[in-house]
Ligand SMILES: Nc1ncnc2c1ncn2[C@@H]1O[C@H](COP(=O)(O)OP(=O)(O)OP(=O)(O)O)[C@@H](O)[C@H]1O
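Just the one chain here, laid out as structure tokens, in the form predicted alone.
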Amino acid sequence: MLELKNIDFHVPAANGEVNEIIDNLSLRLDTGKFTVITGPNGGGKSTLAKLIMGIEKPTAGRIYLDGQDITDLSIAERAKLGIGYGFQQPPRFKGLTVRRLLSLSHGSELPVDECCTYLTNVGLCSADYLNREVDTSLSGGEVKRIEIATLMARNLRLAIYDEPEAGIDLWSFTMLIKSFRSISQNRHESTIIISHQERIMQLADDIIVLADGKIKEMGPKDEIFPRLINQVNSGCSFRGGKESVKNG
């Protein structure tokens, strides 16, 4: 179970004032849930993901994983506890093969057949990718799917994906949906995806709507998703922001 209690995150503004990015936010996510966090741009979604991973530190409040206070732990310490993070723009590693990257993520040398299974689960042909370097020769969609495969190889307690659809083409997005469908069926203990995309939301157990650094709505997909669609169909936007649900 992931629990955030009274989380604030403030940053200095250019005029000397303070911008409140996350404002006294509290939530609890039960183990085993596939949760999508959505909402308008600038609402605090990516910041919230970074706070959970330890990339940013909260100004106030505490973060707990299965009852353990992880607020002051480093990124590396959180990773050792089983938290993984998928970036909007995954890093590339010249000279490092896909097979080697999967093994490093797993923590030991992976047999070829296991590497192939992870790549197949994200829609990549293992014969074409296993020995390729994770460099600029790969497209953005390919790198993102490889990153998802590395997180799958870790058997995480909590996997976080920050807007995985950002900047990729329609074909790659379709393959990402298949990847996340596989995750939702053969999941980590818990999964959080930051996304605007309707097709990703449809895979969720729960949906959280975040705007202006606050939770505007939170609940089961079957309860929250129809309301979001109705807002779009009626010409309304997310409360607290200007951006509506996007169809993938």
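Start at 1 with the first residue shown and count on from there. If you're wondering where the values come from, they're calculated on a predicted model, not measured in any experiment.
Heads up, the form predicted together with the ligand isn't pictured, but that's what we're talking about next.
**Q** Given the stretches 214-222, 42-50, 62-70, 199-207, which is the single one in contact with the ligand in the predicted complex, using a heavy atom cutoff of 4.5 Å?
**A** Within 4.5 Å of the partner lies stretch 42-50.
**Q** Would you classify Glu56 as touching the ligand in the predicted complex, given a 4.5 Å non-hydrogen atom cut-off?
**A** Yes.
**Q** Taking heavy atoms and a 4.5 Å cut-off, does Ile21 contact the ligand in the predicted complex?
**A** Ile21: contacts the ligand in the predicted complex.
**Q** Spell out, yes or no, whether the shortest heavy atom distance between Gln88 and the ligand in the predicted complex is within 4.5 Å.
**A** Answer yes; at least one heavy atom of Gln88 falls within 4.5 Å of the ligand in the predicted complex.
**Q** At 4.5 Å between heavy atoms, is Glu163 in contact with the ligand in the predicted complex?
**A** Flag for Glu163 set to yes.
**Q** Quick one: name the residues from 4-31 with any non-hydrogen atom within 4.5 angstroms of the ligand in the predicted complex.
**A** Residues within 4.5 Å: Phe9, Val11, Ile21.
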